[in-house]
Structure formats: structure tokens, C-alpha cells
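Quick heads-up: it's one chain on its own, the form predicted alone, in C-alpha cells.
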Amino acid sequence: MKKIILDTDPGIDDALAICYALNHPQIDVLALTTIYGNVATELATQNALRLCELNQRPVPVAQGALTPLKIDSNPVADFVHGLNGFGEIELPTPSLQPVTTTAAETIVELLNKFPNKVTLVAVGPLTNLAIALELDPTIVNKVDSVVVMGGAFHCDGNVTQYAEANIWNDPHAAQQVLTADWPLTVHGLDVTYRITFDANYLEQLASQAPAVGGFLMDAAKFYSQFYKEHHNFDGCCPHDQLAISFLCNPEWYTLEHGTLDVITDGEAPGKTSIKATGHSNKAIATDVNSEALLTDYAAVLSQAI
């Protein structure tokens, strides 16, 4: 079993990734930790709890930072994900409650409890991870690996010409996390735009798992409308799923190794770059076997309710 902590800002693509992780037979989600981005942190926490109840998986949920480390908060992406983060598709108010420890405290606690056995997966702004590093710098030697969805290395960003949303929302945190001395793989827009969930595929998920797949199909209609209006294609990109699929199937991915950097201010805050080196424990994904990923995602979701 692959033990993971999933740091997330649900969000429709987060919901796609979370539902997969919670139903994957080889992934053990130790905790969901929440962050702002697609929605405010408080709503991200409630949405994470809602997804746990939808999937009948009572995973601990820890609420994270409310604001970036140094910059003012950017507006949430409600024009992409809807005011409620789920494309205005409502799930019941959760009966579960978040744990009392913060996201950063939960990350530190679990990495110390299971040294070198936990993968830290971050699919939102990286503030919680940066705070965890400040709380306990030794976690760089206690994590199995870190997997991030974020950045735009060899392509344009999606919020500015230079920056992808997760990195742009807290570039100072991203700079700390992407340069810390731990093994890290980043899935940026270079690779995440290579996968599309179209209407037919989402209908397949709904037919296989009426409760979970049906919710994802309905929520993704709002998300897909954004892609139609702004990118002129049918369907939606499940960005965060690329990071989750990598956990059990790294052989599907083409990686480029090197040292990473993030611009924190000036004219291009959030711009990410990679410099090739002879050896590095950092990598970015540049390609993926899309057919294998789509087949696997449907197979895992077929196990959901």
C-alpha cells in the first residue's frame, strides 16, 4: 500500500483526484489537508469532508493555512469551479468534523510517525508544505517522496503568461518547497494539458459508479463549460489526477531531471524553471501515456459506489 497525505483545495479536478485516491486498492490516504485556491480554505475543508462521506471513506481532514506566506490572497477561482467548488452541484453538509491539528502539524506528525513511508502529494498552493518545513526541517529526510501538481516549465501559465495557478497563489511557499532537499516530482501544465475527460468518458464513470461517478459527471459540466469558453475544446483537464496516477504508475511518465526554481516577485511571480544537471532528486513530468491513465482511472472508479 502506498501511504499518502493529500494536500488539496477541492475544486473539481481535486474531486476527481480525491475520489480516485480514496477508491484505489493500492493507495492508503492517511489524511487530507486543505488549502485555499479553487475555494477558500474553510470551504475546501468542508468539501474534503463531503467527498470522504460521498465515498464512504472517513479519512482525517486537517484544515490548513488561510492565506499565503507573504503576499495578499488572490481571488478564488469560482469562475472555473463554481461558488461552491463543485460546479454548483451540492453535496450534503458533512457530519464528519476536521481534526484539531492544523494541516502543517498533521503533515509533520504523520511523517514522524511513518518515517520514509509516506508520500506527500500537493495539488494546491504549497503554503501548508512550507509551514510544515518551518515547523520541522527534518521532514525532508523522513518523507518517501513529494509529488506536486503545479507550475509551467516549457509552456505558458494559466493565470498569467508565466505562472500556473497553484504556484502563483503562493510563490514564496512554492520556492521553499521546490528547492527543499527532498525527492520531488512536479506535474505542471506541460503534462496535465495532455489528458482530457470528455462528456462520453464522464458518462462512462457515472454509469459505473452512480453516486460518485454521477456526482463527478455533474460537477464537471461547469468545469467543461469553462474549457469550452476559454480553451475551445470539449471536456476538461483533470490536472490534479496526473499527480495521483504517478504514485502507482510512474512508468507511464516521461521525466526531465534538474534543479528547480520559482520567481517570487518582479514582473513574473510564480514563474517556474528547471535547469538540467548531471544529478538531481528533482524532476518534472513532460509526457504521459494518456490511454493507460484513462483506462486505469475508469477501472478504479468502477469500484466506487
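Each residue number is its position in the shown sequence, starting from 1. Here the structure is a predicted model, which means the values were calculated and not measured.
Keep in mind that the form predicted in complex with a small molecule is missing from the display, and what follows is about it.
This chain is displayed alone, yet in the model of the complex one of Ala103, Leu126, Ala219, Met149 has a heavy atom within 4.5 Å of the small molecule; that residue is Met149. In summary, among the residues Gln175, Asn158, Ser224, Thr185, the only one with a non-hydrogen atom within 4.5 Å of the small molecule in the model of the complex is Asn158. Only one segment in the set 59 to 67, 232 to 240, 253 to 261, 269 to 277 has any non-hydrogen atom within 4.5 angstroms of the small molecule in the model of the complex, and it is 232 to 240.
Among residues of the shown chain, Ala130 is not one whose heavy atoms approach the small molecule to within 4.5 Å in the model of the complex.
Although the partner is absent here, Val143 sits far enough away that none of its heavy atoms falls within 4.5 Å of the small molecule in the model of the complex. Within 4.5 Å of any heavy atom of the small molecule in the model of the complex lies no heavy atom of Val76. A residue is said to contact a partner when one of its heavy atoms sits within 4.5 Å of a partner heavy atom; Ala165 meets this definition for the small molecule in the model of the complex.
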